[in-house]
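We begin with a single chain expressed as structure tokens, specifically the form predicted on its own.
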């Protein structure tokens, strides 16, 4: 391996290690889900006298897709709500919150847009009109769109999986509207939503009193509990 290539790999790791590690962990967990899910599927198939299937067939099945997507949509809902609500709502003492009194979208000067933009600011932040408006909300827009798309995909794949089960039970299949209004869809949805609200809410509260030295998600170890951010 050449020196230049090694240097490029090292720089990529130094600058993007958080994304790389989470990407690898995502892949590992998806593979683990596929392996365990196939084992469960085949065990059920043997019990009821059905044919077992290959890994390729399982990972392209609605059963695998709905289990995957119901978790993805809930994660994106969590962050969509968190991005939106932390504009206006605060939790005193939490490193996950703005300071009380800083609620709102902030001034152009605070946001470094328009005439207050820096020379290296993103181009659309320097411009006015619709470009700045779109870019000013681009994070929330993208997270919200991914949530809606993954939730819709969960509904579609969940209906297919439900109808496969109904056919095995010699029952009539149901339409998408009936499935979305039914208990299976909302049971899958709400059990994930409540866990996401618990996680993000408890994190906001734990961050008031607990610390993790060196983490940007924590206040400095010696910071008083009632101080919301380190710049107070």
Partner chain sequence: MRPLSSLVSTGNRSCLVGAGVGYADHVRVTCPALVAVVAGLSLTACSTADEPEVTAVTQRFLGLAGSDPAAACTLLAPRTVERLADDAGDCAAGLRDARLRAPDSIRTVTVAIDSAQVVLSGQVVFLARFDTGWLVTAAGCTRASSDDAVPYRCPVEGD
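Residue numbers count along the first chain shown, from 1. For clarity, every value in this text was computed on a predicted model and none was experimentally measured.
What comes next is about the form predicted together with its partner chain, which does not appear here.
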property	result
Heavy atom of each of 95, 149 and 168 within 4.5 Å of its partner chain in the model of the complex	yes
11, 18, 210, 24 - the one with a heavy atom within 4.5 Å of its partner chain in the model of the complex	18
Single option in 194, 51, 187, 202 placed near its partner chain in the model of the complex, where near means a heavy atom within 4.5 Å	51
4.5 Å heavy atom contact, residue 153 and its partner chain in the model of the complex	yes
Its partner chain contact in the model of the complex: residue 157, any heavy atom under 4.5 Å	yes
Touches its partner chain in the model of the complex: residue 112 (any heavy atom, 4.5 Å)	no
Contact of residue 65 with its partner chain in the model of the complex (heavy atom, 4.5 Å)	yes
Residues within stretch 71-89 having a non-hydrogen atom within 4.5 Å of its partner chain in the model of the complex	72, 76, 79, 82, 83
